[in-house]
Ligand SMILES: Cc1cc2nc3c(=O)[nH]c(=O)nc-3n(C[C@H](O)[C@H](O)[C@H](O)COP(=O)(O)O)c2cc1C
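Below, in structure tokens: the form predicted alone, a single chain.
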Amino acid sequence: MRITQKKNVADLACEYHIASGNSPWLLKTPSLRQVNFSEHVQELMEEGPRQIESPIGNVQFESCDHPVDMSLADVLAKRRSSREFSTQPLNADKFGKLLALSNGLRIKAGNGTDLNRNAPSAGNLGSCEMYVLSVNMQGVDKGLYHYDVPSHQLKLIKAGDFKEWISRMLLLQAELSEAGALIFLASNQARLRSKYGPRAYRLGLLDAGHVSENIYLVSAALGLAVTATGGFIDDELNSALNLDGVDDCVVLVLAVGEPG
């Protein structure tokens, strides 16, 4: 019988780590090696990125034919966190390139779209979705959006000025409300769990980490200031984005803007 009592944070963290571990019995189950070729997993891989219907208020970005021209060594040398943002509006073309290069779809030579994204993901399931809060962006109305990957658009969820809400929801980090935009990285845990079970949570965090690093590197190449934070009120943020917080949940927030 399991004794129900309030546990401290260390106990909960250890319990999660153990519960999401791979058991040695997996080595004795050869059929698991075929999971990548199962019909269910193939359907998940072909399902493609999430799309949200929004008839008004959408923002179409320009294509990214010539996005950046900087060596990887130079980008790595410039990569850094910065919480100093200019009052100048965030350039929308730069921001569109940032989204596409960080977690957009790769375009095949010729016709058709490759469902592989510019960031790696566990099982090629594309678990990391990007939501955007426009605070001070050139040509983009203030409000909450979902980044529609195939169409390279921002799909409006809710219009409005959320500057005061940012300060409260991000654990009183008022300086982040001066950014041009916030990017919310949400993990589609349901997709991952359907293949990986409890291991999904570890993999979802790794997937978001890959996207976050891409955001940092592309921001450096485009001359944008960026900083990531895990200090946010989960329930409030998930609710604002119409996420249930279990099958879909925000795991990281990044503030982006013109450098101050």
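Being a predicted model, the structure only gives us computed values, none of them experimental. Numbering starts at 1 and runs along the sequence shown.
Keep in mind that the form predicted together with this ligand is missing from the display, and what follows is about it.
**Q** According to a 4.5 angstroms non-hydrogen atom cut-off, is Tyr216 in contact with this ligand in the predicted bound form?
**A** Yes, contact at 4.5 Å.
**Q** Given that this ligand is not shown alongside this chain, does Ser54 nevertheless sit within 4.5 Å of it in the predicted bound form, heavy atom to heavy atom?
**A** Answer no; every heavy atom of Ser54 is more than 4.5 Å from this ligand in the predicted bound form.
**Q** Taking any heavy atom pair closer than or equal to 4.5 Å as contact, tell me whether Thr229 reaches this ligand in the predicted bound form.
**A** Thr229: yes, in contact with this ligand in the predicted bound form.
**Q** With heavy atoms only and a cut-off of 4.5 Å, decide whether Arg79 touches this ligand in the predicted bound form.
**A** Arg79: yes, in contact with this ligand in the predicted bound form.
**Q** Given that this ligand is left out here, which of Gln173, Gln138, Asn118, Asn124 has a heavy atom within 4.5 Å of it in the predicted bound form?
**A** Flagged contact: Gln173.
**Q** Since exactly one of His152, Lys163, Lys142, Arg83 fits, which has a heavy atom within 4.5 Å of this ligand in the predicted bound form?
**A** Contact check passes for Arg83.
**Q** Tell me which of 220 to 228, 200 to 208, 187 to 195, 56 to 64 has residues with heavy atoms within 4.5 angstroms of this ligand in the predicted bound form?
**A** Single hit among the candidates: 220 to 228.
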